[in-house]
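In the structure tokens that follow, a single protein chain appears in two forms: structure 1, then structure 2.
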Structure 1
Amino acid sequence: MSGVFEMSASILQAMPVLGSAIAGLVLLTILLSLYSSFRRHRIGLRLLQQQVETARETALRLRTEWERSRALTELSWSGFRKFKIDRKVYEDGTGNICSFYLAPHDGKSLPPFKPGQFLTFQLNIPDLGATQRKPTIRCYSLSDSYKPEYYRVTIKKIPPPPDKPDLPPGKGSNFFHSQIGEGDILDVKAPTGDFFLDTTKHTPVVLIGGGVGITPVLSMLNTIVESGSQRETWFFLGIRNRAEHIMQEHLARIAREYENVHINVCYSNPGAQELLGKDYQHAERVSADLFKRVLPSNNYQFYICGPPPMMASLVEGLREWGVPEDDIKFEAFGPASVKKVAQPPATALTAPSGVETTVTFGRSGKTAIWNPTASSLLDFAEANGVVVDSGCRVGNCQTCLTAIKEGDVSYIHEPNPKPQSGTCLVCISVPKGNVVLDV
């Protein structure tokens, strides 16, 4: 009996301890519930804030696009407009790359453009001989973001080809460098081109420039940072060394000030005094293998502009890496193209009877037997003394648009946009059998 009393006494003595433990457990449960509720509230609040921010960015983007469209409608022009060279600024250590700031001669505001587009110039270049009476047409990419008071193009002075030093240097580029000064007046068409950054999207992008091919992607980069966009941006520039390092301080400042932008400069032949990590980030050429090492994934839109061998290598490498075709965008740089389709063999360029294919230039009254080794109808025309208005020579500027009076042509690569039926871009086309052109 005494044992029962002793057990009861022990339980009574333990009651305060058990009560404290239970009270503590209840309090802990309440605190956990409150914390969980608070945490859910914070997560919900954070999601709400993100939704509000997304809605704000969307509204701002739509307003910006509306204002851009309105300004484009009100301020754009057809044909050529007079521009004054307001400034010339050399951008590299060689003196071969110069930016030209173009102010409208009439003093009116300029229409906006899509970053990556180009200007078309009509140049009256002297001392070209009696066969060059027509103005020379040249196209140069805009190299800055939109400013209503000026446009900027950045032009490299092109020397004769290294393997053919007897050939003349680039006509347009050398004319700009040696004969165009501040205060001179030029005739310029409104911005155009189908290689441009879609600023209505926030998808991550990789911008790639080779040498002076930096110009359109630099316009894209400047637009991103100056608009306040937080889209993930990787920028790659491929050059030989510091002497060719275009906009070096400008790119370094962007790298310091914008966390969403990652600048990667590649020197293929760095000098002993050029420092890895300061002057450049990679001692190699820009390549798909470099992207695989540096980029978190291949889930980007790639914008490429550079010399043909560089672009051909990059496009092939990106395709092999599994990047969708729609996510590989490039600007042709010179007469070569990275999207060439197989040209018909020589036998396909002859009539079924075996008669050689002829090209007739209707206005000039000339007929010539087509040479299958010719790179295009434009080159073939020039080789036969027929002058055709042309500009970019890669199917972008539409300057060489020519009516087809008889026959048809094939394209070396598909133009975008494609000309209307009955016309062709002679700079990127070859004949399908006998053809008569209205030139």
Structure 2
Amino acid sequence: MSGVFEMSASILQAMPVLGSAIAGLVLLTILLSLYSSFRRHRIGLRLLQQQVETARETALRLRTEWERSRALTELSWSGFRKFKIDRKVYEDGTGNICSFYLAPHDGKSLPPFKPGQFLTFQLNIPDLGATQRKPTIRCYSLSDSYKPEYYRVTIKKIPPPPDKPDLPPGKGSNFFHSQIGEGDILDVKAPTGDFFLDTTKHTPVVLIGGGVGITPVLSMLNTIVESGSQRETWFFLGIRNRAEHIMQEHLARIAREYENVHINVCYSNPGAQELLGKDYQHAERVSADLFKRVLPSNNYQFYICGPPPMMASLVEGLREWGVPEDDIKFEAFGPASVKKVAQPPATALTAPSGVETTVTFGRSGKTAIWNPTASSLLDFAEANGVVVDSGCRVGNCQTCLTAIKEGDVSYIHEPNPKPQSGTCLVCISVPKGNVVLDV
């Protein structure tokens, strides 16, 4: 920098006429040089600050993950654990949806879970008669954020199908509603499931629940707000009207108190007394068209749980809107209605090309040609009218354990624990060539 000053001084002595112009030029050069060095310095500082911030976030995430996995190892359990019903709370205007607060019978702390995961229950339903000696297995999503003292599930009472009113109503849900009360003890497996919110990320999310499908996404929502996260969150609930409005007060309070959360309740059939803008925000079903009108862009992670037709149309609509497959996450409470884009593993068809793989359901006396787009042998059995007992449909509860009489299967994901050889969990397996199952 001093060289520049010396040079400008000697130029000024030699050429007095052009002095002021040259002096201005030199001054400008000096200022530019100073400014560019200052900018470089500032950019460097900003980069450094960003790196420190990223390192801090990574350290925090690693620490949270480490603490979570330590708590899981210390507090989790295998098999069934006894829980006492601490509280029963009705959550809608029809009395058809009820929350059950479950406290561990041993009084010890509960392991954390990922919001979106579920519990598996083993129910000994007394009045099923001698024909059903096996306990009934049912899965219910955790509907609240993690609390060390209790877990909460929220259950809808299932009536007979509308076109077959003479059939018995849903076994598990009606047992919970009519026979389980405060103080009763239930056998419960530890939380599990692959449909969960990654709480270490801050990506904007859209959480969508249809009817009682609100439960896993409500757990996600509660976790976001209670952690103080500023994550941009859109929440859509699809129901018919106020009678079905689950947790109305709770959702209204979140809408009032958290600026980063946008609650959108959709009534498909609102009553005359129900107020648009107060009770509900949209007089229509939840749909991809609604998202296009309400969301600023399609750049979100979508989490969906609801009745099969709603899930199928939403997933399809989001794909058409250009949302990447990885950003659409969904869970079905019953038979899967949404076709995955990914095909089953190549091992599903080991037969030479052109030769079809057959699946025989021994006891039902049915043989069908395997459809490689079926998501599992369980879905395939149901599509062919073969009834197989199932619970979680994700390889956790063992309810669908079936003997293999001939052939073999491969797993879509590894079961844990692995079933004994000669048996398989049909909900997560596909045939490895021709197979005969004992159902």
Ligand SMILES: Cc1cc2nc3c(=O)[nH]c(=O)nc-3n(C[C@H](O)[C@H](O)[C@H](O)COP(=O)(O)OP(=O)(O)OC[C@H]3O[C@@H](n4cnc5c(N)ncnc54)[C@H](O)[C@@H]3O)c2cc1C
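When a residue number appears, read it as a position in the sequence of structure 1, where counting begins at 1. Values in this document were obtained by computation on a predicted structure and should not be read as measured data. C-alpha atoms forming the largest set that superposes within 1.5 Å between two forms make up the rigid core.
Remark: the form predicted on its own is the source of structure 1; structure 2 originates elsewhere.
Core superposition places the Cα of L401 4.0 Å apart between the two structures. Taking the core as the reference frame, the CA atom of A381 shifts 8.5 angstrom between the two structures.
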